[in-house]
Every structure is written in structure tokens, then in C-alpha cells.
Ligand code: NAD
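For reference, the chain that follows is the form predicted on its own, supplied as C-alpha cells.
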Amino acid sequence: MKVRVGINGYGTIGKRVACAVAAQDDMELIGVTKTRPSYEARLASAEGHPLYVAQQEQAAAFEKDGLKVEGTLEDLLSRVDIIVDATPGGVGEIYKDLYEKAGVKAIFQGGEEHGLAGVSFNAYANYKEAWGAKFARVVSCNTTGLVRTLFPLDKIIGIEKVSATIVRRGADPGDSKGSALNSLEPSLKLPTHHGPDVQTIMPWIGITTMAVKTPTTLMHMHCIIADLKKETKERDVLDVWNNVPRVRMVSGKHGIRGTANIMDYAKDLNRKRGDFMEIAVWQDGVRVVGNTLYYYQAVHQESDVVPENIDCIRAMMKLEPDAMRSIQKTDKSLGIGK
């Protein structure tokens, strides 16, 4: 019997998770919620996803625009086993009591605090921690990117400490606000929240982070310095990542010199919405000097957390006890790694 899944919020992350759920053979997408009849609500309807509204008074606007509404969020909760909360950061906390009252498990996103769920999730690093959990939180796009490359390095080679600078996009491509058009904006609250967020999954690691907001919408870039526990060759580091799912090596020598090239590459791979769910690491930008590793990686902020949500559903619903089998199943269904 398939697990019944609902999505509360059909924006940047929600619409991607909805499509990913629909691609799984052990899950059924019951419906998605919107608060207004936007183009995304029309997209959901066109893709065959049943539409629900957050509150009953919102239904009239949908019906006026010719969009069929199946009911309210409470109705959706009565029909699902688990809800993926993809509402804007900070909003999930408002809904937690409603989920709990309905007796439905819930996955929150990285915009919420770790304490809201008590479990922060990355499939490769701590799949078992979410096993059967009532609530879990898939960490943010940047934290997902950092954990994807740091966890396997620490597991195989060992890491003493990490310093990372997040060169972050100013806004998502579809946003018309949030990004200065001609400015580099440093985060003046230091160190930034990214390091402590990594520690919700890897509490033993010493990590500090800085961030700079840039006038681009495509991807984030991370400039990472890691002090390793032993002298290591660059080839050994690359071998670690070559054996890790959802990390993809790219090369400036092959024409991938920046984030625009990566996003163009995603389109050439026929990825849905042009998404690049792996973390891209420049293999010719990896250097080891003594015990110190330097490298660059790029994070597609719109999509890298999507497969993590799918694996989190499997762990929480006890569908697949083996993390790697779940990851492989998810990646195959989404075309990751091709």
C-alpha cells in the first residue's frame, strides 16, 4: 500500500517535491495547498495535483478563476499519512499544532528552527535518525550542500575543522525582490547560521561560516577550507566524492567555469525545470596543501533538498530501512546521476 502524501505550500520547493512524490512507486500524492489562485495553482491543476486551500474563505477566489478546490488543509490532513510543509520560513511553526492534532507526521524545511522538529535530516548522513519519527526537518539548501561533501570526507579521511564562505544568490530566478542589482552585501551577523545548522547533523564538527549576498539568481557557491586529520592527496579526496551519491564533479577544463554553465548543463541533461539536484564540485579547483583542503562547490538552491524530502518520507514512514537503497531508488526516479 502506498504512503499518502500531502504538500502544504506549492512554491519553489513544494512544487518540486510534489512532482518528486508523484514519481515514486511507493508514494501517492493526495493534494497540495495554495492560498491564492496564482499561476502555480494553475500549474498544480494542470499537472493533475488536487488543490486544497489553507482556509475555507480562500476557496471562493479559486472557484471564481475556474480552479476546482477539493477542500481545506484540514481536509487534506484527514486524507494523508504524512505532510511535507513547504510554506515560507517561519510559517511551519504555526501549522505544527494542526498536524499534531490531525495525527499526521510532518516534514519541515530548512527555514524552520531545528527545535521545531527535533530531527534535522540528510539522507546520506543520518537517515536512521528519522526512522519512524513523528516530525523531521530537511535542512536548508546550503546546509544540505555542506553536509553532502563534508560528511563523507569526515567519515573516510577525518576533518579537524572547517571554514566556509557562502557566496549566495540574492533571490530565486522568479523573484522580483530580495536581491540588490549592483551590490555585494556581506552578512554582518558573524559567524552565520550555516555552521550551527551543519552541527544539527554533524554535532562533532568544528565549523565556522561567513556569507555574501550577490546580484545573481542562479546558484549559491561555497568556498571551503577544511583541515584534515591526516595528510591526503587530492586524488584521495576526489575518490571519496566520486563514490558519494548526489555529488557531481565538474571541470573548468571542460567548459564548466561558473554557475551559468552548470544550469545550462542541467538543461542539456533534460532535467525537469532545469534543476540540478546534485552538489557540483570543481575537480580542478580541489587543492591539498599539507593537511589543508581547499575546494569550491555550487548549490542549486531551488532543488538540492528535493530528493532529501523523498528519502525523509521513506525513513519516517519506515518504507525502506537501508539509506543507500532509498537514495538509489529516489535518484533513479528523478534522473539524478545520469
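Keep in mind the model is a prediction, meaning the values are calculated, not measured. Quick note: we count residues from 1 along the sequence shown, nothing fancier.
Keep in mind that the form predicted together with the ligand is not shown, yet the notes after this line are about it.
- The ligand in the predicted bound form is not approached by T259, whose heavy atoms all lie more than 4.5 angstroms from it.
- Contact check for P203: every heavy atom lies farther than 4.5 Å from the ligand in the predicted bound form.
- For the chain shown alone, R169 is a contact residue for the ligand in the predicted bound form, at least one non-hydrogen atom being within 4.5 angstroms.
- In the predicted bound form, the ligand sits within 4.5 Å of a heavy atom belonging to T12.
- Stretch 31 to 39 is the answer when you ask which of 31 to 39, 288 to 296, 274 to 282, 63 to 71 has residues with heavy atoms within 4.5 Å of the ligand in the predicted bound form.
- Shown without its partner, this chain lists G252, P152, P191, G111 as candidates; in the predicted bound form, only G111 has a non-hydrogen atom within 4.5 angstroms of the ligand.
- Contact with the ligand in the predicted bound form, judged by any heavy atom within 4.5 Å, is made by just one of V91, C223, L116, I157: V91.
- Residues of 50 to 86 that come within 4.5 Å of the ligand in the predicted bound form, judged by any heavy atom, are A54, A86 in sequence order.
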